[in-house]
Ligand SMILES: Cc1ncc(COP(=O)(O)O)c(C=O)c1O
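Given next, in structure tokens, is a single chain: the form predicted on its own.
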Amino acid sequence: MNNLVNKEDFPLTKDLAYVNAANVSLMPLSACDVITSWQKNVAINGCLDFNDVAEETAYDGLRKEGAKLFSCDEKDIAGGSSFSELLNSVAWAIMPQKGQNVVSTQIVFPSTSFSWLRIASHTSCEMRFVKATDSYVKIDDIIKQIDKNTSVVSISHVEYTGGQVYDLKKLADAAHEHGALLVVDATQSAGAIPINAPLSGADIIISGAYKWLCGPFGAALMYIRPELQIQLQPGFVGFRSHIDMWDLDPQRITYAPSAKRFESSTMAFGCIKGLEASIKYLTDIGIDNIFEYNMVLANKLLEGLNTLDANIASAQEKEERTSILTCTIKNKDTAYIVNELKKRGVIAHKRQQYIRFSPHLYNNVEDIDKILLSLKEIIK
């Protein structure tokens, strides 16, 4: 199988098998250069280049690339500094009330539920966490928790521990049948799995940048279904929230009639530019191509792990699998194995009691061979 990218774009991969995109992905040097060049320019030149026009249009490129990523219109995309920032603004905008409920899972990453728990402490809405078995949740069990009082279903598109992927359309249809919204954390899927946001039925999709999008810390993006864009008032607001950000009358606020209304204030704009560049890098290759490539690597790794007496914790059904593979090795301490892998040039991650492998587009078959050979040496 031919490599998908040039190793020069990801220098670390020349020496290490870095299979840790689910934690922190590597960034193409071209995207990194965009960030540092922007920051250096502002540091040296102040507002000479980053003038009022540049500041007002700072998110335009991200909206353009985000629209390609999610197969939607540019007006459906907003940028922000983190997943949590954007989700908190959304949560306060929706603000489920007493008598309503929010459905999530026991294994969702905390950032996906904490915003709603904060709302619950304010309004006394009910939180429903669907039970998991061995880091796996049946999608039908999620749907069973949705009823006429459900305001929001808040889930991760891909669960961070086991890599299980949910059918967004199925969840969206179930939520909408009861008048609820589907809010999706795509931080473990965007950039690795094709997402057609309009066809998915999801109302809101938010992703951080530093995992599968190969972007920087300090940037994120969000898709909002068009009908919601004029209904929701952002929970976080700032001078950019007004439809004309340079009309600085402090006595009123009129929101933009698009997702842009969630872009509230000044931030590390260089990070936004870096995310724009990393998304373009990925979409130029094609997310479909990346997904297929990653799954070839994941399948080869899975086959090898099954010969090594590994207990696989990831989803087994083909339609629920991603390139996140988690396992334990019988009678072996996980932290010990992860450390021994590192000594041998393999960078994996310990999540709870599991070893988590997450190969991405910059990995190759030789990396998988290196993982399996190293494991054989460690556990013999």
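Remember, it's a predicted structure, so these values are computed and weren't measured experimentally. Start at 1 and count along the sequence shown; that's the residue number.
From this point on, the text means the form predicted together with the named molecule, which you will not see here.
K.L.:
Considering only heavy atoms, tell me if residue 109 and the named molecule come within 4.5 Å of each other in the model of the complex.
P.N.:
Flag for residue 109 set to yes.
K.L.:
My question is simply whether residue 281 lines the interface with the named molecule in the model of the complex - judged by any non-hydrogen atom within 4.5 Å.
P.N.:
No, residue 281 is distant from the partner.
K.L.:
Using heavy atoms and a 4.5 Å limit, would one call residue 229 a contact residue for the named molecule in the model of the complex?
P.N.:
Result no; residue 229 lies far from the named molecule in the model of the complex.
K.L.:
Is there a heavy atom of residue 210 lying 4.5 Å or less from a heavy atom of the named molecule in the model of the complex?
P.N.:
Looking in the model of the complex, residue contacts with the named molecule include residue 210, since a heavy atom lies within 4.5 Å.
K.L.:
Pick from 264, 151, 156, 89: which residue has any heavy atom within 4.5 angstroms of the named molecule in the model of the complex?
P.N.:
Answer to the contact question: 156.
K.L.:
Under a 4.5 angstroms heavy atom criterion, identify the one residue in 269, 166, 293, 83 near the named molecule in the model of the complex.
P.N.:
Among 269, 166, 293, 83, a heavy atom within 4.5 Å of the named molecule in the model of the complex occurs only for 83.
K.L.:
Based on heavy atom distances of at most 4.5 Å to the named molecule in the model of the complex, which listed stretch, 180-188, 92-100, 251-259, 231-239, is the contact stretch?
P.N.:
Of the options given, it is 180-188.
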